[in-house]
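A lone chain, given as structure tokens: the form predicted on its own.
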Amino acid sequence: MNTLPKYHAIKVDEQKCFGCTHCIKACPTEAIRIVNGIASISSERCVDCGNCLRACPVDAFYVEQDDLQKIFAYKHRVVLFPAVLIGQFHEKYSEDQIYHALIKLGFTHIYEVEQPIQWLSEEIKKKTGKNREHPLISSFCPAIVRLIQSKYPSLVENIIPLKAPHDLAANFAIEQLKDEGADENETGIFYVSPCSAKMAAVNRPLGETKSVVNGIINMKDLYNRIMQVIPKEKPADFSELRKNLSRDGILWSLPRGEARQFKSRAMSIDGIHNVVKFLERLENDEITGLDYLELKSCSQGCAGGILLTGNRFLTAERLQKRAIRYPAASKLTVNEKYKKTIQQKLQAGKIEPGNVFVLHTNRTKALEKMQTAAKILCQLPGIDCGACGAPNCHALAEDIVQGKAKMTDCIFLQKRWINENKLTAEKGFKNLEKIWGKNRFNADCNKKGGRNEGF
């Protein structure tokens, strides 16, 4: 069990944020509030899905990453990247050109993380086929794993306790380099992440205390660096480095990449808001007969990751075209020398549920708070305007019973109570300033927040 505190890759630049409420509306777990005119993220509720970063019109959200120069602290510099990196590039750039650029940037060894994917697929299939109340759920997307831990704890035991493909490739690389005589202490493994959730997962890996990966690289940043050095002439042949890559591996991170591996009833859902709606129904036993669920936070799977530069639909199309040129995993012959060792290392520890959305650990007090919140909700307008700094009226009611907000945070109640002489206009205005900051309401023709600004 991993008892370390949550790590979040997403941070807020307070110099850029102006409290526009785009983020609080986009967050699927209601993790963001506006405090003193700045977005504030609840560490417990955040699942690092990156919807806030995608929605922000002024790029006030950013991700922490390692400096690329960190790779030069190691003699053997291994880059692990998912196939979606290749899908970012126009068809005029070949795989070998991209590989050559990575060598020019300083890496000594290159591995695409979805190889040999059949070893991971075998481990997943071993865990299917048993009679269960709910289907097995893929652990591929760390944002979904965190979402289930936080919001749907009754479904946690259905998450397959297996690590992600980057662990597969990392251990595969380590074993191969050890055979070549490389000192493990001189080997640096660097993962190129397509999203903030995978960055967070590397820092706080599933079912273990420390990741096998030594550093994380922002895919968007690496793409830009590759474009600066990519050769125009015909490069060397790097096909040997892709000999264990299969059609299944290339498509793994796209919708149905995993689900298509199973003959039983398997379903794929992408887009975290779609996932939330589906999990609500699953938890309420409205959906039955499923054996396997592949859930991905981003639309079009990892092709829609927030750290990608290209259009997600074009990326998915390029990967599908690329996959045609590769054999199916079942027809690929892979040296199984390290198979047993690596499959053992893919096993994750027990995944524990969280109590993030619990109003109180004591059941009686929790029910009392629920009843109080329901009464408060009756007083609120139900407009879900976000002017209180919370995403909707229901979230404000929960904040009030938790002592994190007040009834007067609602501007509609303020107006009503001012009209009924229960509140002074001055006190109501000061309360708004606590949420949105001083001078926020002064006239300013240059203020941010114009129509379509930043989109």
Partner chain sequence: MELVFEIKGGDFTHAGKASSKIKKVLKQLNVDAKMIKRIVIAVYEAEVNVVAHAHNGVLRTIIGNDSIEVVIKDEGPGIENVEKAMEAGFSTASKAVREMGFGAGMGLPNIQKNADELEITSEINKGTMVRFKNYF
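Residue numbers count along the first chain shown, from 1. Fair warning: this is a prediction, and the values are worked out from it, not measured in the lab.
Omitted from view is the form predicted in complex with its partner chain, to which the following refers.
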Contact residue in the predicted complex, chosen from N224, N335, Q371, N185 - any heavy atom within 4.5 Å of its partner chain: Q371
The unique member of K125, K178, H360, K104 whose heavy atoms fall within 4.5 Å of its partner chain in the predicted complex: H360
Candidate stretches 89 to 97, 247 to 255, 67 to 75, 149 to 157 - the one whose heavy atoms come within 4.5 Å of its partner chain in the predicted complex: 149 to 157
L367, heavy atom within 4.5 angstroms of its partner chain in the predicted complex: yes
Partner proximity in the predicted complex: E352 to its partner chain, non-hydrogen atom cutoff 4.5 Å: no
Close approach of R260 to its partner chain in the predicted complex, 4.5 Å, heavy atom: no
Distance check, N284 to its partner chain in the predicted complex, heavy atom within 4.5 Å: yes
Stretch 376 to 411 - residues with a heavy atom within 4.5 Å of its partner chain in the predicted complex: H394, E398
